[in-house]
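Encoded as structure tokens, the following chain is the form predicted alone, with no partner shown.
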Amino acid sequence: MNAPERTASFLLDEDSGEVKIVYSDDTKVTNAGTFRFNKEDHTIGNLFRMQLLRDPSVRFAGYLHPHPLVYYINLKIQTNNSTVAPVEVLSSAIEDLANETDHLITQFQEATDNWKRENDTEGQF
């Protein structure tokens, strides 16, 4: 059959030395760089882009997913000045997203526990 392997979209090819993230400085624009995220798609690209645009030190953040059968995204980041590197703002964005996720999990668990307590449905599920 003329189709790619199903696992090709989410498993790194360790035999060929494929890594998850590759960073390269931009040669044309100052304070900018491009991250290539292998085996990722619009889900993570849009999440990072939105979080990066919340940061006041980020001038530009955008991503490109070239084709549905190509399993990587390119995330381009440009900062406002040379004191903050694109690697630093991405690291900060990832940390902020992890904190938001922890907060959501905690709030969900508290709301679920309150609902169970109020409706006395412990053990019915």
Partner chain sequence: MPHQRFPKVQILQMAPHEMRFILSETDTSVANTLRRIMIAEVPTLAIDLVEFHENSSVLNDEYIAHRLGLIPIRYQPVDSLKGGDCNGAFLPHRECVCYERCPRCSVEFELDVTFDDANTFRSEEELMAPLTITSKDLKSNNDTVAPAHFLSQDEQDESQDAGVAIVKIGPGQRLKLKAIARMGIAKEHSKWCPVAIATYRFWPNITINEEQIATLSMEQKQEIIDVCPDRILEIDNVTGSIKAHDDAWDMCTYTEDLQEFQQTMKKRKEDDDFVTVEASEDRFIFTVESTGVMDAEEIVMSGLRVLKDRLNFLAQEVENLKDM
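Just so you know, these numbers come straight off a predicted model, no measurement behind them. Positions refer to the first chain, counted from 1.
Keep in mind the form predicted together with the partner chain is missing from the figure; the text below concerns it.
Within 4.5 Å of the partner chain in the predicted complex, a heavy atom is found for none of Val29, Leu64 and Asn80.
In the predicted complex, none of the heavy atoms of Leu69 sits within 4.5 Å of a heavy atom of the partner chain. Within this chain, Asp25 is remote from the site of the partner chain in the predicted complex, having no heavy atom within 4.5 Å. Using a 4.5 Å cutoff between non-hydrogen atoms, Val84 does not count as a contact of the partner chain in the predicted complex. Among heavy atoms of Asp13, none comes within 4.5 Å of the partner chain in the predicted complex. Residues Asn46, Leu47, Phe48, Met50, Gln51, Arg54, Asp55, Pro56 are the ones in 45-70 with at least one heavy atom within 4.5 Å of the partner chain in the predicted complex, listed in sequence order.
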